[in-house]
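What follows is one chain in structure tokens, specifically the form predicted on its own.
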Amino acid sequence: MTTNNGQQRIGIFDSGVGGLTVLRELYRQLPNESILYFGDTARLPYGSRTKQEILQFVREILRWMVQQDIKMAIMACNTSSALALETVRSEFNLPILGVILPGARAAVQHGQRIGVIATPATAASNAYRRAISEIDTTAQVWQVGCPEFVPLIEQNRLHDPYTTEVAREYLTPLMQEGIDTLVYGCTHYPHLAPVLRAILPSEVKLVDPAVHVVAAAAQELDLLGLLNTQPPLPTRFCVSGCPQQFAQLSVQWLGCTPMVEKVYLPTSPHSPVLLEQVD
């Protein structure tokens, strides 16, 4: 598929609806950009997967996105950013941004006692601790793996008392360490902001890497001369799982019901098959 530069899209992908937090920032900071959003909902959550599995998934998604003629890819997924970013950057000939480094840079600007809530895979990778330490060797970092958060968000259980109970359990050890900053180490987690804010002391600052990865994307597109100045195309939403489920879940954050395509991601770089579309 070939288009002119003005109509080339930015590709964003995540395991599910988490990347919508990055999409909202793209709408806010780069309103002229056309966007392709992919949610790998058939294989979520990513946080309990092995590095080999994540790398395979990311390669399949990027191959497909390259076929759709994207001009940049944003990994709106901390697990992918932690486990696959460096590898695929050397394999694909387009700018690929992850959320961890922008998030780490923002965290050290806010505080010195930094808590990170993340998927088990991201927490185990120590990606945030390493990134923060490289920027500021004096900052202290505590990480907590939160295996239940993504499934609860994807099941739309934000207002369930059980979700508050789980959040309190995850946050308690961080509050006991006296953190002054909390990083959302998963793009799903900003959806939990009201729950987390109700538990945390008011002085703890929340850092959403989505805000900062989009700022980095804007800077890079500008440097490469790839910013779009024309009105954007409608956002294209694609999933590997159930289109209806994604559409119903995402409406509360998008403010409308998106038209969602189901695509099959083959393991070899052949054209995927469009299986189903829903609106």
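Numbers follow the displayed sequence, beginning with 1. This structure is a prediction, so every number in the text was calculated from the model and none was measured.
We do not show the form predicted in complex with a small molecule, though everything after this point is about it.
- Heavy atoms within 4.5 Å of the small molecule in the predicted bound form map, among the stretches 74-82, 103-111, 201-209, 169-177, onto 74-82 alone.
- Among W64, F246, F237, Y46, the residue placing a heavy atom within 4.5 Å of the small molecule in the predicted bound form is Y46.
- Interface residue among L196, V150, I132, L182, judged by heavy atoms within 4.5 Å of the small molecule in the predicted bound form: V150.
- By the criterion of a heavy atom within 4.5 Å, V116 is excluded from the residues contacting the small molecule in the predicted bound form.
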